[in-house]
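In the block that follows, a single chain appears as structure tokens, in the form predicted on its own.
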Amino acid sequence: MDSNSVSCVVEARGLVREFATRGGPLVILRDLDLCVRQGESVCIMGPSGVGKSTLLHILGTLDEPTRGEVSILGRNPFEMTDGDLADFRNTDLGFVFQSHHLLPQCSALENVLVPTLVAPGTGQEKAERARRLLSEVGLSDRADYLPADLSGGERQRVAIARSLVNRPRILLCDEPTGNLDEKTASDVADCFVALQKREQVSLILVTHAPWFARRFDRVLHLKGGTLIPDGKSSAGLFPPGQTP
């Protein structure tokens, strides 16, 4: 990565992801470029099956590219040892998926605290942070509730709080409102945006919902394996001041 990349906390250059099939390689991502700055929110749109989740999994270090370069906070995550990568993922990255993945036997507060079990800090500091986040997502009175006693929107709010508890610099979200009704989805989206700005975390979110995309700094469309800037905006693949 060159000196123009310094302010990119997430960067991909010439990213390719292929899967082997009987008929030959199936190309999902093709020479894809992306740069995301600290504190910026970027929405990646596209219909189901175009590779949005594949891209997010690579940027979140859950999958490796076939070819190309990836830099997260100035480091190549795929050159790390398994232990270092696990620590890096837990500390610097936060994840929210379409399904909340809460532990059913744990309370809302305990679920938020799960990522802190291997993070530095005292138990009191972690608990205070978790309770504060639950309050910020409107669940201060639900801290002791089990997931089964929460609504779908409340469960997703717990997942949002959990993703932020270790103060990550980057938050990656895969269709986080996809399983919610329209009103609940809108409320959860508002919660996302407010917390992202307050925490100054870089947010990369994939969705097929235009109403959600309008809340973001930049909107990119995944088409033909590469990213295309939104036609309604002058913003490109790279933020102002960055060169491809």
Ligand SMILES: Nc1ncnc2c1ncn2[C@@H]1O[C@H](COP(=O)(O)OP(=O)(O)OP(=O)(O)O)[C@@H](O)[C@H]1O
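Fair warning: this is a prediction, and the values are worked out from it, not measured in the lab. The first residue of the shown sequence is 1; numbering continues from there.
In what follows, reference is made to the form predicted together with the named molecule, a form of this protein that is not presented.
In summary, among the residues 67, 208, 214, 197, the only one with a non-hydrogen atom within 4.5 Å of the named molecule in the model of the complex is 208.
Residue-level contacts in the model of the complex: of 41, 179, 184, 53, one residue has a heavy atom within 4.5 Å of the named molecule, and it is 53. Of the heavy atoms in residue 28, some are within 4.5 Å of the named molecule in the model of the complex. The closest non-hydrogen atom of residue 33 lies beyond 4.5 Å of the named molecule in the model of the complex. Contacts to the named molecule in the model of the complex (heavy atom within 4.5 Å) from stretch 173-205: 175 only.
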